[in-house]
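So this first bit is one chain, no partners, the form predicted alone, shown in structure tokens.
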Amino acid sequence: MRILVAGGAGYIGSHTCVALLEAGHTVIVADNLCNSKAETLDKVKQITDKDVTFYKVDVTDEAAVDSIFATHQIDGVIHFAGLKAVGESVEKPLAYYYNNLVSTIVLSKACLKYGVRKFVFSSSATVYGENEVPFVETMDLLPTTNPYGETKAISERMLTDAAKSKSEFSVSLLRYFNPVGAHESGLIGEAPTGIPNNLMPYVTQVAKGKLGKLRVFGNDYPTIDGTGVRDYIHVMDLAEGHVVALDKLTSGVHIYNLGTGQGTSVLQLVQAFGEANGIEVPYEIVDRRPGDIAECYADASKAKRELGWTAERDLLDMCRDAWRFEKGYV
């Protein structure tokens, strides 16, 4: 199939491009490079020995997106082109609502116009709000604790309504948890601009000496050691989950959690990083971060049952691969 990957030069997008190319698909990338680099796609080619077609395009630009659909006979869309930092969404809510909602509207409108039947949406466990763990797909969505999560929940509802209005338009909503790690080659990985918002690149940059110490946001949560608990999933497991979801997408709307089903605290991850790489990461406890919840991990049994997908790589693999990428990243 010919797949448009919106946000394909980003962290999860680039790894999914690798997985798509290795599965035999043709890949077209649209990315505005606001938090990514075009050079990443050169690394994707180096890994796969296959080209992608790249457009430096903001997918909130309806005319630009229409031009891509008019030029290529697209069979499916995977939509990663969203702003994604929880804390930043609290500080800049309108930017998040505009980018994340308009991009979903523009891409889905183009699919309906050009008869593209398959749409895979990069959603998030944040849509569950402060529900009971583990999170299950059948749960009612609660008001989320941050604008980022709201944009994902609203996008899910928009896509669900679009699929109801056009029976030939099929949607897979992938609610995934906390992607970490990097491709085993060390050529691509998580490389945020500025101070990282996510835990693992913060850990690796401290380990490398780029940052002085890790800031741990709160140690008074009702968890095993007081720090926040998350379901960390290797980015290549996540990427492979997108390919399976796309390949097996049938009519209607399908919702899947992509996670390991295991919760890991911040301090447990720091300990695992030290065990995997022989490096002690200094840290300090600071105030809780606005919008964060205590625990978040998946019931991933539906994806295993219906897609035949399960996360294969463990926490030590995630830590080793993340460090391999950071060591080689300039």
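Residues carry their position along the shown sequence, with the first being 1. All figures in this text were calculated on a predicted structure; none of them were measured in a lab. Here, rigid core means the biggest group of C-alpha atoms that superpose within 1.5 Å across both forms.
This next part talks about the form predicted together with a small molecule, which is not shown.
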Non-hydrogen atom within 4.5 angstroms of the small molecule in the predicted bound form for each of Arg2, Tyr114 and Val171: no
Listed residue that, although the small molecule is not shown, lies within 4.5 Å of it in the predicted bound form (heavy atoms), from Val120, Val86, Ile188, Ala239: Val86
One residue of Val106, Ala163, Ala153, Val216 in contact with the small molecule, assessed in the predicted bound form (non-hydrogen atom, 4.5 angstroms): Val216
Interface segment, criterion being heavy atoms within 4.5 Å of the small molecule in the predicted bound form, picked from 226-234, 249-257, 69-77, 131-139: 226-234
Non-hydrogen atom contact Gln205 with the small molecule in the predicted bound form at 4.5 angstroms: no
Distance check, Lys45 to the small molecule in the predicted bound form, heavy atom within 4.5 Å: no
Contact of Arg289 with the small molecule in the predicted bound form (heavy atom, 4.5 Å): yes
Leu199 within 4.5 Å of the small molecule in the predicted bound form, heavy atoms: yes
Core-aligned C-alpha movement of Val57 between the shown form and the other one, 2 Å or more: no
Core superposition between the shown form and the other one, C-alpha change of Glu284 at least 2 Å: yes
